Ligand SMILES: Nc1ncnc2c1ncn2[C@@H]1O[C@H](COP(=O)(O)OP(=O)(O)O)[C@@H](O)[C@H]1O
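In the form predicted alone, a lone chain appears below as structure tokens.
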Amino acid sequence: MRIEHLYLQDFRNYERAEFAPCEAITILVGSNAAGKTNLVEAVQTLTTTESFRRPRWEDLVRWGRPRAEVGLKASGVSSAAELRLGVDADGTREFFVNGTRKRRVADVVGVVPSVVFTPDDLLMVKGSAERRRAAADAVAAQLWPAYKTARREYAKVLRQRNALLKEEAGGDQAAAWDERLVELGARVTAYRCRLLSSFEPELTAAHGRLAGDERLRIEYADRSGLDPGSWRSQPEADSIEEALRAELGRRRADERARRATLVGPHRDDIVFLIDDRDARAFGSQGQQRTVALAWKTSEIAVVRGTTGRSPVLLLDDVMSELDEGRRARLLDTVVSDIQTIVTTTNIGYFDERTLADAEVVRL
């Protein structure tokens, strides 16, 4: 899919703006606070229903205005789509696809797939497990609309169960939520296994192109009681339920003592191994950043291979965080056949060949 037109009305710092990115690479150049990231955020929020900035929804509305609106038109080889988002000053929001209001955000995600890459993503390897789970969840939500729903429902059950565990030393009431936690947790875990088993070959190949002889692989460190490595066979939710139910029983005393849910996909992690050594513990900063680059380029391949649609790539100020070699390899890998929107404060980060194929927009 390629975006043909984007408009913003009272969104962030924009009173009114229209933007027509080119088919290849569009470079948005401007000083800090010029609104470059706001344009990237508008595209991501429309296409994924979430922002990498994690704002309050009312923060998207320009100060003093009652409502913000963002819309885009996109087309692919055999499809076209119009997306629109309205956000009121009280945080109320509504999404529209081809003029029809959608009550479920799962019906919006993935219509126009996108991949966003920000400086924070470079911390993926050395950061928290939550950051790595979020990276996987963002991809899965665009591939399978049911995943976003299952993940949201699981989070609600988890909050309720944790609240009861905190209130009840014995945890008897929390046990009543076990089956719902097992059902939804197994569904989330099954999708993650499916995602990572598809991801690993793409990730290994992408890392090989970026790093040469070093070999990268991943392990899914689940907290559902699965056998090590069984995620590669993409187990069904039914078999995961059995393992998760048994693990809950085994950890029940620990949960009551700590008054928190210790079992389930909310505690999972993704481990990156470079030549069989944990990249988080033993990798250099350069190696960790190369893994993050490989992950992002793999997202493009997985989304395209699963949905049959090329995502829009959004690069927000990452060029300043990469050395010259990694900048060149990133652009060589992703810009050749995918619509890309890049923000930067310095046009000097791009070589003459890239600039010749790009449209430069100064803000």
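Residues carry their position along the shown sequence, with the first being 1. Keep in mind it's a predicted model, so treat the numbers as computed, not measured.
As for the form predicted together with the named molecule, it is not shown, yet the points below apply to it.
Colleague: Only one of 49, 38, 26, 298 gets a heavy atom within 4.5 Å of the named molecule in the predicted bound form. Which one?
Modeller: Of 49, 38, 26, 298, the residue with a heavy atom within 4.5 Å of the named molecule in the predicted bound form is 38.
Colleague: Of 330, 43, 61, 312, which residue is found within 4.5 angstroms of the named molecule in the predicted bound form when only non-hydrogen atoms are counted?
Modeller: Only one listed residue qualifies here, and that residue is 61.
Colleague: I have 173, 176 and 258 flagged as a candidate spot, so tell me whether each of them has a non-hydrogen atom within 4.5 Å of the named molecule in the predicted bound form.
Modeller: Judged in the predicted bound form, none of 173, 176 and 258 sits within 4.5 Å of the named molecule.
Colleague: Check whether residue 13 has any heavy atom within 4.5 Å of a heavy atom of the named molecule in the predicted bound form, and answer yes or no.
Modeller: Judged by the heavy-atom cut-off of 4.5 Å, residue 13 is in contact with the named molecule in the predicted bound form.
Colleague: Is residue 320 one of the residues lying within 4.5 Å of the named molecule in the predicted bound form, judged by heavy atom distances?
Modeller: It does not: once the named molecule is placed as it appears in the predicted bound form, residue 320 has no heavy atom within 4.5 Å of it.
Colleague: Does the named molecule come within 4.5 Å of any heavy atom of residue 53 in the predicted bound form?
Modeller: Close contact exists here: in the predicted bound form, residue 53 approaches the named molecule to within 4.5 Å, heavy atoms only.
Colleague: 290-298, 322-330, 30-38, 304-312: which one contacts the named molecule in the predicted bound form at 4.5 Å, heavy atom to heavy atom?
Modeller: Careful reading of the contacts points to 30-38.
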